[in-house]
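Only one chain is included here, represented as structure tokens and corresponding to the form predicted alone.
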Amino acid sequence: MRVEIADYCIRCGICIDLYPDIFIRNWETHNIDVAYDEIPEKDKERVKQAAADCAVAAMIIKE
């Protein structure tokens, strides 16, 4: 599983607040980055929950 953050992300940071080990604020590009290219099995449900909690549905999950 992979997850991408869409350009229309408002960078509210809720994903970082909930899952700081998966999502990282990139101060240089002013974006939110994903810590993994491929989401580890143990974190897949957490990523799905983060996508559901996203304020603007900016997370794109690719199985």
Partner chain sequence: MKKTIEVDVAIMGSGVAGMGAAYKLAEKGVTNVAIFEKYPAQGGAVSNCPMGLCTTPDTVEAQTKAFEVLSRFANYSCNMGALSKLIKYSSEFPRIFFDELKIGIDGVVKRPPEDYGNQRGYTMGHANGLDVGDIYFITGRGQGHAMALALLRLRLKLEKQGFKFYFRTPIKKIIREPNGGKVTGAIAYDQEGNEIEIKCKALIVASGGMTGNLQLMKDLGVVNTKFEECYTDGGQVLIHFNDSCQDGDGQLAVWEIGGKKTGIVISADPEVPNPWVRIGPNTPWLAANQTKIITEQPYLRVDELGRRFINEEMSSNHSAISTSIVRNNPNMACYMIFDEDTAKHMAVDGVEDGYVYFIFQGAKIDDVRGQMDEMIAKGNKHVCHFDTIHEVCEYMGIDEKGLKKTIAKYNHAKEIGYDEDFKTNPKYIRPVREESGHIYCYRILAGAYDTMGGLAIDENANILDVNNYPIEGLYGGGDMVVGSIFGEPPHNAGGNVYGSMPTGMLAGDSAAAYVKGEA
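Residue numbers count along the first chain shown, from 1. Since the model is a prediction, treat every value here as computed from it, not as a measurement.
Unshown form predicted together with its partner chain; subsequent notes refer to it.
So, in the predicted bound form, is Leu18 in contact with its partner chain at a 4.5 angstroms heavy atom limit? Close contact exists here: in the predicted bound form, Leu18 approaches its partner chain to within 4.5 Å, heavy atoms only.
Against its partner chain in the predicted bound form, would Asp7 count as a contact residue? Criterion: heavy atoms within 4.5 Å. Heavy-atom contact with its partner chain at 4.5 Å: present for Asp7.
Taking its partner chain as it sits in the predicted bound form, is Cys12 in contact with it (heavy atom to heavy atom, 4.5 Å or less)? Contact with its partner chain, yes.
Exercise: Arg25 in contact with its partner chain in the predicted bound form, heavy atom 4.5 Å: Yes.
Just give me the residues of 29 to 55, first to last, that have a heavy atom within 4.5 Å of its partner chain in the predicted bound form. Contacting residues: Thr29, His30, Asn31, Ala51, Ala52, Asp53, Cys54, Ala55.
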